[in-house]
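As a starting point, one isolated chain is supplied in structure tokens, in the form predicted on its own.
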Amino acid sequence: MPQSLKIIYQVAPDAEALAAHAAQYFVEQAERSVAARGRARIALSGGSTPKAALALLADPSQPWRARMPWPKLDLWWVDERSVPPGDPDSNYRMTREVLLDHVPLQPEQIHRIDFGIGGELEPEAAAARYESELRNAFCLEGAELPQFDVVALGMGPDGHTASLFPHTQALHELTRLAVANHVQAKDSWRVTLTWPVINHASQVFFLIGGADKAQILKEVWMGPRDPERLPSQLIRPAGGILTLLLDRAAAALLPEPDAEGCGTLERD
């Protein structure tokens, strides 16, 4: 883990502009990864803000669909709820409906967290299956971690990210790649990538919009360190740089960005 963290935040004027900015960012990172390594391994998160960006990637009237190197992508998920793939709460279902059903990806390029067709698989078994798939796909040995090219994260108003919720067991997991996590506040089970896996990615970014996120953003990135209460503070990429893509409402309590909408923060 780096001794210091540089946080680069880019502020869009509104939700529509944020979605376009995020679509552009996805394409640019995928292009860089394919140019450097021949493939782009991307881990996606759920939520309404990424949904808008993914819809733009799938839209043939937009420039990003033609630019995205679809045959060279491998799509994974940061986390998933313990539900069947067709459930309205499924992150996979959201991605399938707005993106996967509309772009030229093959089944072998799509790596969902699998709870079974009817959601019958227990969370621990689903986590073990996902970890096994990660180890096989990334050809890992022993304690090696997979290195995603891009990990896209969101943040909840309680400071959680992925399914790393405040005061839950997954915050203390250092050796597993994916774990089942019971979220008592929501009375539900999730499977999530662990924070060491997220931090090992080449690029990690948060995509956050809305005025309801302004206070928690300030607490997480400018307040005292307390990852048990604010799990997003665990995200400190190994490269020492973290990117935040924000709309103006979410960024309202951060230092004013420059004329191009960019700002920086430093954390020890």
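As the structure is a computational prediction, the values presented were derived from the model and not from experiment. In case it trips you up, residue 1 is the first one in the sequence shown, and so on.
Another form exists, predicted together with a small molecule; not displayed. Remarks below refer to it.
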query: Heavy atom contact within 4.5 Å of the small molecule in the model of the complex, the stretch among 160-168, 135-143, 174-182, 119-127; finding: 160-168
query: Within 4.5 Å of the small molecule in the model of the complex, all of 6, 200 and 263 (non-hydrogen atom); finding: no
query: Exercise: residue 194 in contact with the small molecule in the model of the complex, heavy atom 4.5 Å; finding: no
query: Contact flag, residue 112 vs the small molecule in the model of the complex, heavy atom cut 4.5 Å; finding: no
query: is_contact(residue 63, the small molecule) in the model of the complex, heavy atom dist at most 4.5 Å; finding: no
query: is_contact(residue 29, the small molecule) in the model of the complex, heavy atom dist at most 4.5 Å; finding: no
